[in-house]
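In C-alpha coordinates, one chain follows: the form predicted on its own.
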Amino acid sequence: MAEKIMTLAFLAVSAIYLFESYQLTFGTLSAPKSGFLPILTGIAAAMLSLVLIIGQVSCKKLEKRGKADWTKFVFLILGLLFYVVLFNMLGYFATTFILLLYLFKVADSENWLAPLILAAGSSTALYLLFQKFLGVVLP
(Lines give C-alpha, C1' and ligand atoms only; values in the text may rest on other atoms or scores of the structure.)
Protein backbone atom coordinates (compact mmCIF):
# COMPACT_ATOMS: atom_id res chain seq x y z
CA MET A 1 0.00 0.00 0.00
CA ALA A 2 2.86 2.38 0.83
CA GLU A 3 4.38 1.81 -2.61
CA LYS A 4 1.11 2.76 -4.30
CA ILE A 5 0.84 5.93 -2.25
CA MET A 6 4.46 6.86 -3.03
CA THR A 7 3.90 6.18 -6.73
CA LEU A 8 0.77 8.33 -6.81
CA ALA A 9 2.60 11.09 -4.93
CA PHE A 10 5.48 10.86 -7.44
CA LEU A 11 2.96 11.08 -10.31
CA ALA A 12 1.36 14.16 -8.74
CA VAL A 13 4.76 15.84 -8.25
CA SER A 14 5.71 14.95 -11.82
CA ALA A 15 2.48 16.47 -13.15
CA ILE A 16 3.04 19.69 -11.19
CA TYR A 17 6.67 19.82 -12.35
CA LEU A 18 5.61 19.23 -15.96
CA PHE A 19 2.90 21.90 -15.72
CA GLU A 20 5.40 24.43 -14.41
CA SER A 21 7.97 23.41 -17.03
CA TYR A 22 5.56 24.29 -19.82
CA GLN A 23 5.92 27.93 -18.72
CA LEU A 24 9.44 27.83 -20.22
CA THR A 25 10.32 27.88 -23.90
CA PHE A 26 11.03 24.42 -25.32
CA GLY A 27 13.02 25.34 -28.44
CA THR A 28 13.97 22.63 -30.91
CA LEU A 29 16.25 19.60 -30.83
CA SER A 30 18.99 21.51 -32.63
CA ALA A 31 18.49 24.70 -30.59
CA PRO A 32 17.12 23.78 -27.15
CA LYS A 33 15.80 26.57 -24.94
CA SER A 34 15.45 26.82 -21.18
CA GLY A 35 12.44 24.48 -21.02
CA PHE A 36 13.93 21.68 -23.11
CA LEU A 37 15.43 19.54 -20.36
CA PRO A 38 12.78 20.28 -17.67
CA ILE A 39 9.94 19.30 -20.03
CA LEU A 40 11.68 16.09 -21.10
CA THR A 41 12.44 15.28 -17.47
CA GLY A 42 8.82 15.89 -16.47
CA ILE A 43 7.53 13.70 -19.27
CA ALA A 44 9.97 10.91 -18.36
CA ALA A 45 9.03 11.10 -14.65
CA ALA A 46 5.30 11.02 -15.43
CA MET A 47 5.74 8.08 -17.81
CA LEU A 48 7.79 6.15 -15.24
CA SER A 49 5.11 6.80 -12.64
CA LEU A 50 2.42 5.52 -14.99
CA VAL A 51 4.45 2.40 -15.74
CA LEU A 52 4.84 1.77 -12.01
CA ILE A 53 1.12 2.27 -11.39
CA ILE A 54 0.22 -0.12 -14.21
CA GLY A 55 2.71 -2.66 -12.86
CA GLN A 56 1.32 -2.37 -9.34
CA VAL A 57 -2.26 -2.75 -10.53
CA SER A 58 -1.55 -5.73 -12.78
CA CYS A 59 0.73 -7.59 -10.35
CA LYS A 60 -1.02 -9.01 -7.32
CA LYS A 61 2.23 -10.41 -5.91
CA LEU A 62 3.42 -7.01 -4.79
CA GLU A 63 1.23 -7.23 -1.70
CA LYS A 64 3.09 -10.39 -0.60
CA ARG A 65 6.51 -8.74 -0.57
CA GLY A 66 8.04 -7.47 2.61
CA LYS A 67 7.86 -3.93 3.80
CA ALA A 68 9.68 -1.21 1.93
CA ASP A 69 13.23 -0.44 3.02
CA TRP A 70 12.92 3.21 4.07
CA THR A 71 16.58 3.49 5.01
CA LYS A 72 17.57 3.43 1.34
CA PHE A 73 15.04 6.18 0.63
CA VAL A 74 16.52 8.30 3.43
CA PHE A 75 20.06 7.69 2.14
CA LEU A 76 18.92 8.65 -1.36
CA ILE A 77 17.48 11.95 -0.13
CA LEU A 78 20.63 12.65 1.91
CA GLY A 79 22.78 11.98 -1.14
CA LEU A 80 20.75 14.37 -3.26
CA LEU A 81 20.94 17.07 -0.58
CA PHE A 82 24.73 16.75 -0.42
CA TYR A 83 24.82 16.87 -4.22
CA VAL A 84 23.06 20.23 -4.19
CA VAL A 85 25.35 21.58 -1.45
CA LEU A 86 28.60 20.35 -3.04
CA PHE A 87 27.73 21.15 -6.67
CA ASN A 88 28.98 24.75 -6.67
CA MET A 89 32.02 23.94 -4.54
CA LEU A 90 33.36 20.92 -6.44
CA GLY A 91 31.82 21.41 -9.87
CA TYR A 92 29.73 19.13 -12.01
CA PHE A 93 32.15 16.31 -12.77
CA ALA A 94 33.48 15.58 -9.27
CA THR A 95 30.11 16.02 -7.58
CA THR A 96 28.29 13.82 -10.07
CA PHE A 97 30.95 11.12 -9.77
CA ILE A 98 30.70 11.15 -5.97
CA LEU A 99 26.88 11.08 -6.06
CA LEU A 100 26.72 8.21 -8.53
CA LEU A 101 29.31 6.20 -6.60
CA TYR A 102 27.36 6.81 -3.40
CA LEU A 103 24.05 5.80 -5.02
CA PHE A 104 25.53 2.64 -6.53
CA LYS A 105 26.92 1.65 -3.13
CA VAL A 106 23.60 2.42 -1.41
CA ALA A 107 21.93 0.14 -3.95
CA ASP A 108 23.71 -2.84 -2.34
CA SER A 109 26.69 -3.27 -4.58
CA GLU A 110 28.92 -5.83 -2.95
CA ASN A 111 32.23 -4.67 -4.35
CA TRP A 112 33.76 -1.32 -5.28
CA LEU A 113 34.92 -2.00 -8.83
CA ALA A 114 31.53 -2.02 -10.58
CA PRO A 115 30.27 1.16 -8.82
CA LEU A 116 33.56 2.93 -9.60
CA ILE A 117 33.40 1.99 -13.28
CA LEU A 118 29.70 2.86 -13.56
CA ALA A 119 30.10 6.20 -11.75
CA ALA A 120 33.14 7.22 -13.82
CA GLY A 121 31.54 6.10 -17.08
CA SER A 122 28.20 7.73 -16.36
CA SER A 123 29.61 11.06 -15.22
CA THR A 124 32.00 11.15 -18.18
CA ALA A 125 29.24 10.27 -20.66
CA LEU A 126 26.91 12.92 -19.21
CA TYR A 127 29.72 15.48 -19.24
CA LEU A 128 30.48 14.75 -22.88
CA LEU A 129 26.77 14.84 -23.78
CA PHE A 130 26.07 18.20 -22.18
CA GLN A 131 29.44 19.97 -22.54
CA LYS A 132 30.55 18.79 -25.95
CA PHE A 133 27.44 17.66 -27.81
CA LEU A 134 24.78 20.08 -26.53
CA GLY A 135 27.18 22.93 -25.73
CA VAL A 136 25.89 23.46 -22.18
CA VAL A 137 28.42 25.15 -19.93
CA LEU A 138 28.74 23.12 -16.73
CA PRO A 139 30.26 24.50 -13.52
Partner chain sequence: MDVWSLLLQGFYISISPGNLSACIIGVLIGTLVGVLPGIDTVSTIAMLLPFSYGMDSTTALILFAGIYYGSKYGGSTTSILLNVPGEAASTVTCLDGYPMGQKGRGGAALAVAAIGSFIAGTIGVIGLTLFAPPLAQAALAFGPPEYFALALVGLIVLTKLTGTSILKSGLMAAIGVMLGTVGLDSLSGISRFTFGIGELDRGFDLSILAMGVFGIGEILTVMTQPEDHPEIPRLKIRDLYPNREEWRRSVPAMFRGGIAGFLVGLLPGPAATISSFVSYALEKRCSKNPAEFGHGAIEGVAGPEAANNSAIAATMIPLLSLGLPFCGATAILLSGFMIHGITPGPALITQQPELFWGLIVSMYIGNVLLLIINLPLIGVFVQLLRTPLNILMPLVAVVTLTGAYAVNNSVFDLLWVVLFGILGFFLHRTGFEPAPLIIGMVIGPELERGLVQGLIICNGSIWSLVTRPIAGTILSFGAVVLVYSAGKWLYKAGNAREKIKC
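Model, not experiment: these values are computed from the prediction. Positions refer to the first chain, counted from 1. Note that the rigid core is defined as the largest set of C-alphas that superpose within 1.5 Å between two forms.
What follows is about the form predicted together with its partner chain, which we do not show.
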- [ ] Look at the candidate spot formed by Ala94, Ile117 and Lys132 and say whether its partner chain comes within 4.5 Å of a heavy atom in all three of them in the model of the complex.
- [x] no
Task: Touches its partner chain in the model of the complex: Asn88 (any heavy atom, 4.5 Å) - done: yes
Open item on the list: Please tell me whether any heavy atom belonging to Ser122 falls inside 4.5 Å of a heavy atom of its partner chain, as the geometry stands in the model of the complex.
Closed with: yes
Task: Any non-hydrogen atom of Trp70 within 4.5 angstroms of its partner chain in the model of the complex - done: yes
Open item on the list: Please tell me whether any heavy atom belonging to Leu113 falls inside 4.5 Å of a heavy atom of its partner chain, as the geometry stands in the model of the complex.
Closed with: no
Task: C-alpha of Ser14 moved at least 2 Å between this form and the one not shown on rigid core - done: yes
- [ ] Would you say whether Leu116 is displaced between this form and the one not shown, judging by a C-alpha shift of 2 Å or more on the superposed rigid core?
- [x] no
Task: Rigid core superposition, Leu126 Cα moves 2 angstroms or more between this form and the one not shown - done: no
